[in-house]
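Okay, so here's just one chain, in structure tokens, the form predicted on its own.
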């Protein structure tokens, strides 16, 4: 007996895929395998509104309990995918259960990378789940000394929220400036100055070489013989896809390799979000992972592909972040660029950075210019970026 369409994962991709499948007429069995004990919820607010206490666990849920009953979605909470057998169309689960699928969507997401030096200490946190955010919120308050290791988007969002709560924040980045490998040195320096001006101590070009303390870390030892006293630490040095359970299936290679519509080479198997490595024709390679907005689009295209429908338009990769009251939006792939043009003034926190390759726009970063987003999308679309 078949379990119909099975979705391994319980995040944004799983939710959007379920919605699209039912919306487009699929009426067969639909099962979602969710490793967390919570129904699907929105992750972007975790580092902002949930961490600040403005939103609750219930308020970030995608849908109420009734939605899953009304749409006949069988959600298995607290259950993980452990093994995939392609010839048998069989998914093995924790607890010894097995599902047989007609179609399978791999949507197991990712988890934070940890630094070996910081593993096992009670005052070291990561931020990926709603439980992570709730625990971290309890530790933050006026005067608390917080060190954030890693100045990526998550690290910077946590820094901005923590400063709002009166926390003394030190942000440590191994590169010469935040996000310099993604957005270039000039914009990286702008992010560093943004946080510095809001009271964050920004330490760049330094790595953690050692720690002091037992049970809790009391100080971080950095390269260059620098020591930083801490009461709590958040590690934000990137993520790794949850694809170990695909070992032996031939699908995992830093993520399940898929085309732009989420199709793997295996019959009936699709993947989207952080667990997928999606082909990008702009760079000519499979790119692992995806931000929130792109993951949602991938889920819908994969669902439509499962139903043999036209998958739909491939959207530009995009991302947004909120820091210190600023909406910052990013489109395209700045890593492809060989030049950058700035419209506006960086000092006034209102500008657009357009990244170009051989004179054609390939990416853009908009700071406090939300109304310009549609025009910028069109510019990138018309600039030979597709």
Ligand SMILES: Cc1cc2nc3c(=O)[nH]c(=O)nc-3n(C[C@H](O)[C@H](O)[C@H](O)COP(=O)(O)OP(=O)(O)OC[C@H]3O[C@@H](n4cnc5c(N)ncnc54)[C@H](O)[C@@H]3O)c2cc1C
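The model shown is predicted, which means the values in this text are computed figures rather than measured ones. Residue numbers count along the first chain shown, from 1.
Although it is not shown, the form predicted in complex with the named molecule is what the next lines describe.
A heavy atom within 4.5 Å of the named molecule in the model of the complex is found for one listed residue only; from 21, 363, 366, 12, this is 12.
Checked against the named molecule in the model of the complex, the candidates 149, 146, 127, 160 yield a single residue with a heavy atom inside 4.5 Å, and that residue is 127. Although the partner is absent here, residue 43 sits close enough that one of its heavy atoms falls within 4.5 Å of the named molecule in the model of the complex. Of the heavy atoms in residue 36, some are within 4.5 Å of the named molecule in the model of the complex. Taking the partner from elsewhere, residue 279 is found to have every heavy atom lying beyond 4.5 Å of the named molecule in the model of the complex. At a distance threshold of 4.5 angstroms between non-hydrogen atoms, residue 68 is out of contact with the named molecule in the model of the complex. Contact with the named molecule in the model of the complex, judged as any non-hydrogen atom within 4.5 angstroms, is confined among 52-60, 316-324, 331-339, 344-352 to 316-324. Contacts with the named molecule in the model of the complex, taken as any heavy atom within 4.5 Å, map within 92-112 to 107, 108, 109, 110.
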